[in-house]
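Given as structure tokens, the chain that follows is alone and in the form predicted on its own.
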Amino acid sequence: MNFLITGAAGFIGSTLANHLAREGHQVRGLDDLSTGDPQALSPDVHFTRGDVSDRPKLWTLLQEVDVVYHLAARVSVPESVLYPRDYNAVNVGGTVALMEAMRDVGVRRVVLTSSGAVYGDLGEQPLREMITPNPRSPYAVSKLAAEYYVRTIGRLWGIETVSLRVFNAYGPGQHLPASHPPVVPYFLRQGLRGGTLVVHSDGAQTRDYVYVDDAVSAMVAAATAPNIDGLVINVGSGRETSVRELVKEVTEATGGKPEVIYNSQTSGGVSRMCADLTLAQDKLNYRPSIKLDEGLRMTLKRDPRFR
């Protein structure tokens, strides 16, 4: 098959692109390299640097494409609080531009990578797709808006759509910025160095950490699965892990002795998150296989930054 992946040089995008290329598919990648690394991509991926809102460039890249994976987005929750306009422009405006270009060229299916963050802080766990979302950040709002745009435009223009709400994905190659780094690679780096692990609030807040290879398996299935048009589907591990438990797992995986500091003055964010995977199992035959302890060890082994 012929695929276009937007955000192809990012963490999940590059993992997906390389997987599809290994399977013998024709893969085109688009990324503006604001955070992505083209060195992470296989030489078999035909990479183009560019903006997801550049419709003339999209028209060229979309020729003879069977399925689009739309991952291009800004993804930092704290950053989105500071720059909500930018997040709306990229995550919402970029999505609409892509859908218009797909309509113009005649591409018939798009898989949107959304986020478990759209749910916000809800009492009912695990989180099922039919629950009314309660987004708590501009990032989450932008992802929810993108879902609605994709589904609505898809229905109007005859494009098959599916939105995958990926929870806290982690694994080798995850971007580690100086400010607001994702918790898993940050904890692994600090654990290896014997540094300090700063935990927001009391560490009782939970997240659903899914290894990137498991997330990619769901994305691959979504390209060809029947009867999923218009659906929103959770992609996670189905396991709830507190930040305190994550500290313990990281300490065991790294063999380090980091100092753990609990900062009660900062918010831990949403109190609980765990994905209900019933729909993913039914529609995508999705069954995550990599538990957190194994995923942490694989990340340490496969990511050269941790050697």
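For clarity, every value in this text was computed on a predicted model and none was experimentally measured. Numbering starts at 1 and runs along the sequence shown.
Not on display, but discussed next: the form predicted in complex with a small molecule.
- Remark: of stretches 237-245, 250-258, 266-274, 65-73, the one touching the small molecule in the predicted bound form is 65-73 (heavy atom within 4.5 Å).
- In the predicted bound form, the small molecule lies farther than 4.5 Å from every heavy atom of Y211.
- Although the partner is absent here, I233 lies well away from the small molecule in the predicted bound form, with no heavy atom inside 4.5 Å.
- Using a 4.5 angstroms limit between non-hydrogen atoms, A40 is distant from the small molecule in the predicted bound form.
- Interface membership of V162, defined by any non-hydrogen atom within 4.5 Å of the small molecule in the predicted bound form, is ruled out.
- Taking a 4.5 Å heavy atom cutoff to the small molecule in the predicted bound form, the contact residue among A169, M102, A218, V150 is A169.
- Interface residue among Q26, T60, T35, Q281, judged by heavy atoms within 4.5 Å of the small molecule in the predicted bound form: T35.
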